[in-house]
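Just the one chain here, the form predicted alone, laid out as structure tokens.
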């Protein structure tokens, strides 16, 4: 937790929530050129006076150097996971303030990195900084805190990694960013929201996962020998060969067309087969916003699987990539291919 600093406690004595600020639009301000840059949490607390009036105690921590989430790296996911593991004991829930650009990646990564999740872990942020009058960040934060404090308030407990944005609570590894400007910036195309926030918060208890056997812990890390590529009609052998020739490559997510379709040209299938034969786990997801990769529906999709790729079902690209990073850190290629087709954290419909 060397890159995370615990600043202290806000609010009354008693059970508390852990709040971690990583940066992002939520806490940005203009620099000398007028561009938005992440502010230190100490500078934005003046814009959040309501925190001291909430009937909740908060343990507040921050990245030592807050970042725009477009600069997020796997090592930062490890720092976030370790901060949660370190602080979870004695806290009723966790809220992570995060930039929107890679929030779905971080939520997915945490869902696979962390085991024993028995309390809510809610990621949220903003499309407009809390330093601005029309910020959506205040409401997002207040509702995220309420959800994280679920069993303290007598509400439904949501013991999994989630994203709360606008009025929707989404499973983290099912979430995708769908709009750069709208306050409704996130969606969950293949799974209904876990909750909808209006005057009250309505929970969909039938889709909320049961608590795991705690305590929260991290078992292993994330392999950096994983990458991905989106298919397009102009792709050629140079593109694919360059991506698959990466030294030490162990995992590759191919974002294919439709139900998992790709070119049937022999040069294309040869590159996929060669990578699979040398021990690369090639996972096929779909570019479509909703739906699933289904083996055997089309000949073009079947050819990919026959070349050694495995179907990613209805996993998002974000979930498939981060899951592959975690699994390749822990397992050999055979187990990776098998586990990529199994639901581990609610990321996959089976």
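Positions refer to the first chain, counted from 1. As the structure is a computational prediction, the values presented were derived from the model and not from experiment.
Although it is not shown, the form predicted together with a small molecule is what the next lines describe.
Participant: Sort through 101, 225, 115, 79 and report the residue having a heavy atom within 4.5 Å of the small molecule in the predicted complex.
Facilitator: By the 4.5 Å criterion, the partner-contacting residue is 101.
Participant: Work out which of 131, 127, 273, 261 lies within 4.5 Å of the small molecule in the predicted complex, going by heavy atoms.
Facilitator: The option sitting close enough to the partner is 127.
Participant: Using a 4.5 Å heavy atom cut-off, which stretch among 23-31, 281-289, 303-311, 50-58 contacts the small molecule in the predicted complex?
Facilitator: The contacting stretch is 23-31.
Participant: Is residue 70 close to the small molecule in the predicted complex, meaning a heavy atom pair under 4.5 Å apart or at it?
Facilitator: Residue 70: contacts the small molecule in the predicted complex.
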